[in-house]
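The chain below stands alone and is given as structure tokens, in the form predicted on its own.
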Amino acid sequence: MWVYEKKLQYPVRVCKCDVRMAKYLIEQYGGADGELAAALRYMNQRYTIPGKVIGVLNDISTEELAHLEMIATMVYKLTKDATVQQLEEAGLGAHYVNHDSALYYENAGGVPWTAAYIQAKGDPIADLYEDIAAEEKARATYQWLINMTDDVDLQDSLKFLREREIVHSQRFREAVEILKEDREYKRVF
């Protein structure tokens, strides 16, 4: 079903160790509007979506997993040379005590990821509108992350991710229109 290329979807470069920024990026790793929640939401919803648009959910959920890999790489690169003192100063002391330098699905405030983040109503139109909202929230978060750093290399990767959220939102909007047309089509038996 998938072909895995051993490279990131888009290059991830960082200029320096920046533990504070890594803490903020964790939001897109394990937060409510982050990449893990999006990937699982869309993969789950595909089972109750009409066949005409199932591929949209499949494709985007897969891409969200690639984005999750990019975020993990960013966090790793931003923290790989950090001292325990730097982690503590950035508010990641508790994370260090529980996980050392391992990534953990949590938001920027340290709250663990939960399946409650995943919405699935079973109504295709309602689910797609939920997906549009999720993409727009992720887009906004990426913009705010871009605003939080002066690292131009990191900003480049974040801008790529922000733009992909816009494309995903557009594709979900197109899927809504396809389903609305189907719903309005009068069937004669």
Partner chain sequence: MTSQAPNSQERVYSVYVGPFDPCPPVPCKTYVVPPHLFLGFQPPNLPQFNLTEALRIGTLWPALYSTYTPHIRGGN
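Everything quoted here is computed from the prediction, not taken from an experiment. Residue numbers count along the first chain shown, from 1.
The protein also exists as the form predicted in complex with its partner chain; that form is not presented, and the subsequent description refers to it.
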Residue-level question: is V167 within 4.5 Å of its partner chain in the model of the complex, judged on heavy atoms? yes
I'd like to check something about N58: if you look in the model of the complex, is any of its heavy atoms closer than or equal to 4.5 Å to a heavy atom of its partner chain? no
Please check if K52 has a heavy atom lying within 4.5 Å of any heavy atom of its partner chain in the model of the complex. no
So in the model of the complex, does any heavy atom of K23 sit within 4.5 Å of its partner chain? no
Would you say all of E5, M43 and R46 touch its partner chain in the model of the complex, counting a heavy atom within 4.5 Å as a touch? no
Just one of D153, D123, E69, E163 has a heavy atom within 4.5 angstroms of its partner chain in the model of the complex, so which one? E163
Considering only 119 to 151, what residues come within 4.5 Å of its partner chain in the model of the complex, judged by heavy atoms? E136, R139, Q143, W144, I146, N147
